[in-house]
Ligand code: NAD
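Next up: just one chain, as structure tokens, the form predicted alone.
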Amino acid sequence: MISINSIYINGAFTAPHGTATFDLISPIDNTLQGTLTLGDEEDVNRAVAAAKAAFQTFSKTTVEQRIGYLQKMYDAVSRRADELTNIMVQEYGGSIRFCRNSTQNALNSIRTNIEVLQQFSFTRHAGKAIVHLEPVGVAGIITPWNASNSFICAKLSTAIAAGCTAVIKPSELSGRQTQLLLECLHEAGLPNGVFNVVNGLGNVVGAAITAHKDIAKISFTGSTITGKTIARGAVDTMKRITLELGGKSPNILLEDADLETAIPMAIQAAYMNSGQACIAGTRLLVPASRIEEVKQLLKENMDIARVGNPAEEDTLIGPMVSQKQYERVQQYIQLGIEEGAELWIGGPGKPEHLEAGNFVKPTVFVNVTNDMRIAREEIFGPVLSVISYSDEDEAIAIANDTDYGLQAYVSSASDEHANRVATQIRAGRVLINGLKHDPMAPFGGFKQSGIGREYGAYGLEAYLEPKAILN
């Protein structure tokens, strides 16, 4: 039995003031793996005080010094990359392929921030003024459970690049992953107080970070509902906020798309990270004239979406992170049936021989209309809604008829055609003819998918305040 009973403040592992505990339960078989001691408001106060004190000197470090710290961070995480991947598989239940990519994304984000610093100018000119971009202050970083360490590394490395210090609240569901990452970051030898980590619940630790007067900025990734709560709380002290929230991403297969290529990609897009991804392409928009072909190809290619032991290389879909999340997905599958969508593949219940864990059958609904809840609400599980359209204008209208706008996908035989459609989609990112990621490109959402951008120079600027000096 694993017992994690420390948090990280001012360069040291320390016992939390909080005494409540959280059970760490394996999503693979629902067995108890250990307990996590949770921090409280007093722990947040201690962490913020350490970060505030460290900011006085860290904010004055040179670009070269910060590059050096980021390189140490990269090296320390890289040395234990395999361990970080394996613990993610065990605790979170993500497929080994996804978890390996997630660890690589964590490393890529650190390396990218080094590259950004090497070419970023913190002094600019605007008219006759000299503009200095200065670190905003102590950053509150709140991360989700679906790629915990990747988010921590991305946000923390950006804060460090800017000259900010940080107080981090990871998901309580990621206790073992966080502990291992903390060991890596401790080994990196960053200055005391530059980063501090308090495990805890959102309504306790997250709320305390949001309300604290000495936190200057919050970077949050998670649900739109929680993001709105944070935004309301942050305004009392005029915190700067970056919110990367939910999504209901359209995947548009244009009339000229090569379906033999596009359908396997669509399955990957819908079921990436077991469907527990804000960027998952869960609305598949297809020409009405090709709907039967699409339905047949979905069945023929569904072996791609193998659900099973996440440690096995050919698994795409692991268990849902918790029993609560499993039940949420089941409710949406039942709702889709009740709404009148046609259940084409999958359905309610658990796959055979996987009854012990939180496994969901990869599910496809066809004859879905965009006003159905399964087409409008973020399910966060392996459920794909197929929606037909009559012409390209209707496809674009359906794609944009959503409260969200995080990511979209377009498939076409012509890149020019796909790009022409992409420019009309209201989303922070549009991927053309494939699943792609560029850590230099801005990432964030339109509408209720968030506020602000992360990654690259855009992400760095979110941790900086411009000061104009006029002589």
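Position 1 is the first residue in the sequence shown; the rest follow in order. In this text, all values refer to a predicted model and were calculated from it rather than measured experimentally.
Below: the form predicted together with nicotinamide-adenine-dinucleotide (NAD), not depicted.
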query	finding
Selected contact from 358, 221, 282, 149, since only one has a non-hydrogen atom within 4.5 angstroms of nicotinamide-adenine-dinucleotide (NAD) in the predicted bound form	221
Selected contact from 206, 381, 175, 163, since only one has a non-hydrogen atom within 4.5 angstroms of nicotinamide-adenine-dinucleotide (NAD) in the predicted bound form	206
Full three-residue contact with nicotinamide-adenine-dinucleotide (NAD) in the predicted bound form, heavy atom 4.5 Å, for 171, 230 and 245	yes
Segment assignment from 392-400, 177-185, 349-357, 140-148: heavy atom within 4.5 Å of nicotinamide-adenine-dinucleotide (NAD) in the predicted bound form	140-148
Partner contact for residue 278 in the predicted bound form: nicotinamide-adenine-dinucleotide (NAD), 4.5 angstroms, heavy atom	yes
Close approach of residue 315 to nicotinamide-adenine-dinucleotide (NAD) in the predicted bound form, 4.5 Å, heavy atom	no
Contact label in the predicted bound form: residue 199 to nicotinamide-adenine-dinucleotide (NAD), heavy atom within 4.5 Å	no
Touches nicotinamide-adenine-dinucleotide (NAD) in the predicted bound form: residue 249 (any heavy atom, 4.5 Å)	no
